[in-house]
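One chain comes next, on its own, written out as structure tokens in the form predicted alone.
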Amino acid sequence: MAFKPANSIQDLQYFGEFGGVNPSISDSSTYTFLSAKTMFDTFEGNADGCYLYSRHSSPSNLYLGEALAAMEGTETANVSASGMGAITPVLLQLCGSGDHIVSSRTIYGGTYAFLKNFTPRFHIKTSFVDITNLEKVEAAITKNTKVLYCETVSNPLLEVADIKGLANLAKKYNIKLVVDNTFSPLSISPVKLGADIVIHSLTKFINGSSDTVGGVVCGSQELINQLRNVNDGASMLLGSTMDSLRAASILKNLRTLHIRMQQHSKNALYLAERFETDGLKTVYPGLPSHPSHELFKSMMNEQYGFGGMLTIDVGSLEKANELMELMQHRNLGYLAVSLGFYKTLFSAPGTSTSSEIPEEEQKAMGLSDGLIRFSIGLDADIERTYQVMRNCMEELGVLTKHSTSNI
């Protein structure tokens, strides 16, 4: 039977303390015990159902973690205060001094900076490779490699990782495949394709309202126990704890994720097809012209589409900035970083979300100055949105009135 992630979320049933249809929020940083022995047992991890201190766990955080684990098909999950607060503890938990990571070269700028600039302080090295080339990935693996790291759909170039192929390599060399699935929640289920660990920035599509920062690590009970260990757990000791009020808020938004992802994907596919027909250099996994279109189709949970992210290249940073400013002025969306909002968000990633990557490396991976990354919103009338976008492009000379790009 096909895995249906939204059903797994829907099948969870929570009641509040007084019979509420939403679980009660545990608005406490610390918890009382009826006996000193129970406190000791809880410190040792031997008292099920008891809470010690909210940096370790809280009922609200565990509710959200359980729902996200159900969505990704893992044993359990641990939520954190940000996406980076999920990524960094996992990598530090899995790797020690002298270890090695093989990572996709096109990843979120913060993750790139952590691997390139920060982990070398701990003598952890990273090789950045073209994740779409399995031969290059395998050639980069050494006897010290502990982690193979990628994004299902990369930020910002929208390259698609072959999760099954990477999982086979990970198993062959006895290393962990860690997948950031932020761009494709519900659409792709990495664990079902062989990944060991799935990470999300909850800030983006999963929460969907750009009012909260959060992250999650979905994995085995063994891994999550290690991360939470009071003596040597990276999540516990680095302290990137999610606030219970935020966890409760994200859990409520998570329940509409399936509806939102369907609309994000529907709108993005419509715009991508129109932009490509107009002659714009358009990248979207749902287009047959995308080099990994068939790969994405082979991995996807079809009802959620190809996601809400697309890019166009308008030739220069100056033209990109002009267009984004005009689109914001015409109320088509916001010139802002992040993604997954109900309004369309657009940015030039080379000077924003990927600015941590040196300019020469941006060029090597194909990140051009004129690239605009779009997170397509939930517009009810996407045809109207397209027409106004097209008017902006014609006004700036990006497109002529004859549906042909000037680029």
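In this text, residue numbers run from 1 along the sequence as written. Predicted, not measured: the structure shown is a model, and the values here were computed from it.
Not on display, but discussed next: the form predicted together with a small molecule.
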Which one of these stretches, 238-246, 165-173, 287-295, 149-157, sits within 4.5 Å of the small molecule in the model of the complex when only heavy atoms are counted? 149-157
In the model of the complex, the one of Ser104, Ser265, Ser201, Ser187 near the small molecule [non-hydrogen atom within 4.5 angstroms]: Ser201
Option touching the small molecule, based on a heavy atom within 4.5 Å in the model of the complex, out of Tyr334, Tyr108, Phe128, Tyr304: Tyr108
Distance check, Gly308 to the small molecule in the model of the complex, heavy atom within 4.5 Å: no
Taking heavy atoms and a 4.5 Å cut-off, does Gly208 contact the small molecule in the model of the complex? no
Is Asn78 near the small molecule? Define near as a heavy atom within 4.5 Å, in the model of the complex. no
Hey, in the model of the complex, does Phe275 get a heavy atom within 4.5 angstroms of the small molecule? no
At 4.5 Å by heavy atoms, is each residue in Asp180, Phe183 and Gly214 next to the small molecule in the model of the complex? yes
